[in-house]
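The chain that follows stands alone, in the form predicted alone, written as structure tokens.
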């Protein structure tokens, strides 16, 4: 941490550090994977009871209403002690969207359940063969009186096999242009006609899932925004998602790996190693500064650049883990975490997991196209 903090911010950091040290169970520290619900939700609920599970939510919806610096302090202290990664699609994506676009009934039903950890959400955007082009979706919703009957197939659904609800895009009108005729739906995953199939990842984990819908009946009361008018919800959610993907939380976890390796290596780190550690520290400090700038701007009503932040965050994390791999030398081939000089060090798993960061949430190539189009106003290239 290279920035200067006020006395109040320093006091908050001490409070967070002491509370984490006292409350976070040892068996949940230094995990290199996201623990399954049975293990993760106990800690989720403990954070919720403390009032820190949703620092970015306004107090009117039960959040902490934290300042940008307080949000970063929570991330930094979580990384420092090795706190586990938790399910965040309710907190970071559908929660903020329901606060902006949901009906009072939808807000009352779903927001407290997200905060309390009673319901896990997943995202139903990606489809086979569609890449990052969301408007090409093939999942259909047939309107019948007070229901929408959904048939289709979603893929790369993070934690879809653990989730209770999914927010999904379905095409409800074939006669309108491709970015119209799309509806944003909240679907109970226990509904008849839903099949889920986990997907094994490069890191040898079931983090993703496929979800199949076969004539699934969804009440029209579960539509967020207008019927056939879901595209504005889509873009708002993507902007929210990219700001959260731009948070330095992954990079801070990666930096903690580098710091632990440096301590374990001791004098063997050498001059070249010290320079690599310094590079990692500076990269993460720069990312944190950029995140704070965007968050502060958004809080004051200024438009941010979520695409640029998403690129910076994901590629910073990958570069820091590249440094960790270099420091590890031949140990980089170890699959499981090792005890080295009293510390638990993950040599490879986080590195493998990080390869997907630049793909999900809209690939970094897509983000560069958005910057060229929306920010730099460059001429459009040839489109398929």
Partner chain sequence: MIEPTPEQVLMRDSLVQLLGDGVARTRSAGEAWPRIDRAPWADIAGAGWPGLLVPEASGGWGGTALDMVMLLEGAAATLAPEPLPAVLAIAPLLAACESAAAAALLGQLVSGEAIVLMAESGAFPLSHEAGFVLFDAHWADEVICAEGEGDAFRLVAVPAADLADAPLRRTIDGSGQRVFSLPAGAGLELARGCRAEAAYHSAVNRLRLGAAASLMGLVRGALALTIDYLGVRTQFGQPIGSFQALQHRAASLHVAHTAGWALVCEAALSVGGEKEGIACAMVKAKASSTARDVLKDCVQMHGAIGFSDEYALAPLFRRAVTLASAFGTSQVCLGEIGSLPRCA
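Since we're looking at a predicted model, the values are computed, not measured. Numbering follows the first chain given and starts at 1.
Not pictured, yet referred to below: the form predicted in complex with the partner chain.
A.B. asks: Within 4.5 Å of the partner chain in the predicted bound form - does that hold for a heavy atom of every one of 61, 167 and 194?
C.D. replies: Result no, not one residue of the spot touches the partner chain.
A.B. asks: Taking 4.5 Å between heavy atoms as the contact cutoff, choose which of 365, 373, 23, 9 touches the partner chain in the predicted bound form.
C.D. replies: Checking each option against the partner chain in the predicted bound form, the one that comes within 4.5 Å is 365.
A.B. asks: Just one stretch in 145 to 153, 98 to 106, 290 to 298, 270 to 278 has heavy atoms within 4.5 Å of the partner chain in the predicted bound form, so which one is it?
C.D. replies: Single hit among the candidates: 270 to 278.
A.B. asks: Although the partner isn't part of this model, could you tell me whether residue 334 comes within 4.5 Å of the partner chain in the predicted bound form, counting any heavy atom of the residue?
C.D. replies: Within the cut-off, so yes.
A.B. asks: Using a 4.5 angstroms cut-off on non-hydrogen atoms, would residue 47 count as touching the partner chain in the predicted bound form?
C.D. replies: No, residue 47 is distant from the partner.
A.B. asks: Evaluate residue 57 for contact with the partner chain in the predicted bound form, applying a 4.5 angstroms cut-off between non-hydrogen atoms, and reply yes or no.
C.D. replies: No, no contact at 4.5 Å.
A.B. asks: Please tell me whether any heavy atom belonging to residue 128 falls inside 4.5 Å of a heavy atom of the partner chain, as the geometry stands in the predicted bound form.
C.D. replies: Contact check for residue 128: yes, within 4.5 Å of the partner chain in the predicted bound form.
A.B. asks: Any residue of 347 to 371 with a heavy atom within 4.5 Å of the partner chain in the predicted bound form counts; write them all down in order.
C.D. replies: The stretch touches the partner through 347, 348, 351, 352, 353, 355, 356, 358, 359, 363, 364, 365, 366.
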